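One protein chain, two forms: both are listed below as structure tokens, the first as structure 1 and the second as structure 2.
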Structure 1
């Protein structure tokens, strides 16, 4: 029971980060290697820059949103200044460009915050445990699961009910068609990239107080996020959710029964899924 809940808490962060990656890929067909770096910036902002500003639930939530918004502005600049010039070109160029952004931002982070690890206190409002089956479960993990559910719901509503959502869904199907119909695709891309960046940074900001933050955390998360999105199907939001839950549960249940293999579990699952359904569980076959 506790293991399942722990797995879901892991899945919550993975979902929030991966859904941003998937949204960007699905709409823009850009594989954004710098996605994990936005996660890292969000984590730094909450733990170091805003460290201990507020311990109350409301203040902390505002801090999360402000951190993610600041990183989203960075994302906006990057989209307008760099990525926009590369949409027509080869995938490899986009990969190299997002990789360059990753390296530059990594170095900026070391220059601003230094090479050491930081740790911030959990907000007092969530710094306790609840009893579950006679075992303690962290309140903060419950909060993470709640935030992930809220984001999933919000994204579903936005995609189904708003004009922006309709355009995103249309772009996922066929971007050339909506361009011909007179939609400003460039603006749509910018909006999607900003939303994706915001989600990555929010994931990092949420994880920041629960872990220690230092150089390199971006590489860990980007690999995991790619695994999750490959399992779920790149470009599919519900795929990201299912992929995150599968990986989260495989890690926690795997630890329980086969600890020697638990660290390999994500890769094994990914290989199996690629063999059985090469486009991921919910990914669509292109072309």
Structure 2
């Protein structure tokens, strides 16, 4: 029971980060290697820059949103100044551009916060545990699961009940059609990229107090996010949820029974899925 809950807590963060990546790719067809760097910036802001106001639940919640919003502004500038000029280009050019952005932001982070790792205390409101099946489970992990569920519900409502959601779904199907119908596709892309960046930064901000924050965490999370995306189907946000749950449970239960192989679980699962279903569980063949 505890291992399953721990796996769901891991899946919660993976989902929050990966769903932003899938939203961007599904709508814009941009493979954003810098996505993990937005996660890292969110973690740095919460852990180092705003760590002093993180002890209370309200302050912590505001801090999460402010941190993610600041990084979303960075994403806005990157989309407008760089990526907008590469739409329609070969995927390789987009990969190289986002890779260059990743390297630049990594170096900026080292210049601002230094090469050392940081840890921060959990807010007092979540720094306890609850009893489950005779064992203690961290309250903060329950908080992470709750946030992920809230984000999933919010995304569903936005995609199904708002004009923005309808445009996003239409762009996933045929972006040229909505362009002909007079939709400002560039503005839609900007909005989608900002939302995706916000989600990546929010994932990092949420993980900031629960892990060691330092150079390299962006590389780790982007690898895991791509694995989750491939398993669920690149560009499918609900596939991201399924992929995150699969990886989270495999890692958690693997740590319990075969800890020496647990770190390999994501790669093993990805290979199996690719062999059985090359486009992922919910992915579609590109036309």
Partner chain sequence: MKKRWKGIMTVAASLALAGVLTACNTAASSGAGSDGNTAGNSSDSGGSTSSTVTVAAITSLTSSISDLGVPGYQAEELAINQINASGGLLGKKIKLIKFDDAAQPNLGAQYADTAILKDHVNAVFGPVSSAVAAAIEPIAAQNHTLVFFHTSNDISLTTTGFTKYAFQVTPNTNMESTAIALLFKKEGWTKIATISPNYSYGHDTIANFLKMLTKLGVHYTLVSQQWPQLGTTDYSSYISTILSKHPQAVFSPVFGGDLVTFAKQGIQYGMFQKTNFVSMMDPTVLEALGSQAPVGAWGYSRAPFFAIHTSDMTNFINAYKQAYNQYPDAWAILAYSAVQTWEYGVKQADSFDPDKVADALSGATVPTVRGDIKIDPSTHQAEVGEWVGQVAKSSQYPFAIWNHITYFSPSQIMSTGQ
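Positions refer to the first chain, counted from 1. No experiment lies behind these values; they were computed from the predicted model shown. Between two forms, the rigid core is defined as the largest C-alpha subset superposing within 1.5 Å.
The second of the two standalone chains is derived from the form predicted alone. With the core held fixed, the Cα of residue 223 is displaced between structure 1 and structure 2 by less than 2 Å. Core superposition places the C-alpha of residue 257 2.5 Å apart between structure 1 and structure 2.
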